[in-house]
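Starting off, we have a lone chain in the form predicted on its own, written out as structure tokens.
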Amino acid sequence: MKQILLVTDGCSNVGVSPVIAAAEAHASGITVNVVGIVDQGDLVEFGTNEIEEIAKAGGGLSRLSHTRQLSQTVQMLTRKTVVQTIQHAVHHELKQVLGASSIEELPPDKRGEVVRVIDDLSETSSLSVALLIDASASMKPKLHAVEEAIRDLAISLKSRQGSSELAVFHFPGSAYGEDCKLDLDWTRDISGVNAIFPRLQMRGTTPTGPAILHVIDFYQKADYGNRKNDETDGMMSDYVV
């Protein structure tokens, strides 16, 4: 399962619509979740609507969170989306195999069995989370809360039974027109998280849409690299005697 988790406090103002970008992510098999950080009520109505629309287009969930609750919100959204993804897959299979459109239509004994399968898969399925951080100027006072949330999320992912990996990006990327920058490549080692935030330069614009497209491209390149490695391994095995 692939997720983009966007953490932002305001409205995009540069480049392609983030709603269109999120829809493209969803079409590519990537769920987009959005956490809107509110502090002293500073997230305007338009920003709130945009957050909801991004998550809806991305097939994910959105929540507004104060800085003091950010860590719990990030972990909740990540886990809830995993369960939701598995539930959708199970519902599809039930409809195909049994003609039932929901778990509730099953007999009690079968229903309990299906719920146990969903719980097991939620904990054991492979999960990749690309964390996308709004590093525009208004986020500077909230950066410490974001840092704590990422560290706690990394610990939470590490505690899962299934394979979990985390990558971290921020946007805008630089003063030279870079929309998004990779801070931490795919890893299961949470120690790299601590080195990210001292390097962050908070800037003015908010190119949310281009940043989401950047992460989609990153996912696709990683998938292509994995396929090439599999093909190479297969070719090498042909020569093993």
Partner chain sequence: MTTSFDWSLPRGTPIRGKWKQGTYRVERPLGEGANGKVFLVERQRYYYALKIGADAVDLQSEVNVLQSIAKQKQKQGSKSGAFLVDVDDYQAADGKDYPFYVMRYIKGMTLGEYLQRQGKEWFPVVGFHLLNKLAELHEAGWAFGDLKVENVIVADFGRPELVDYGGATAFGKGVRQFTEIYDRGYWNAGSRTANAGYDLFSFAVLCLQLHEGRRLAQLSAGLLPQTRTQEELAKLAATSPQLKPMSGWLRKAFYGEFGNAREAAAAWQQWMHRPSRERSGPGAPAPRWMKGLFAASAVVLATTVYWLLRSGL
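Numbering follows the first chain given and starts at 1. Everything numeric here is computed off the predicted structure, so don't read it as measured data. For clarity, a rigid core is taken as the largest C-alpha set superposing within 1.5 Å between two forms.
Quick note: we don't show the form predicted together with the partner chain, though the next part is all about it.
155 is the sole member of 137, 89, 143, 155 with a non-hydrogen atom lying within 4.5 angstroms of the partner chain in the model of the complex.
In the model of the complex, the partner chain sits within 4.5 Å of a heavy atom of residue 75.
Contact between residue 106 and the partner chain in the model of the complex is found at the 4.5 Å heavy atom cutoff.
Looking at residue 71, you'd find a heavy atom of it within 4.5 angstroms of the partner chain in the model of the complex. Interface membership of residue 63, defined by any non-hydrogen atom within 4.5 Å of the partner chain in the model of the complex, is confirmed.
No member of the trio 125, 165 and 220 reaches the partner chain in the model of the complex with any non-hydrogen atom inside 4.5 Å. Interface residues of 119-140, taken as those with a heavy atom within 4.5 Å of the partner chain in the model of the complex (partner not displayed): 119, 120, 123, in sequence order. Fitting the two forms on the rigid core leaves the C-alpha of residue 80 displaced by under 2 angstroms between this form and the one not shown. Here residue 158 does not count as shifted, since its C-alpha moves by less than 2 Å between this form and the one not shown after the core is aligned. When two forms of a protein are overlaid on their rigid core, residues whose CA moves 2 Å or more are considered shifted, and residue 140 is not one of them between this form and the one not shown.
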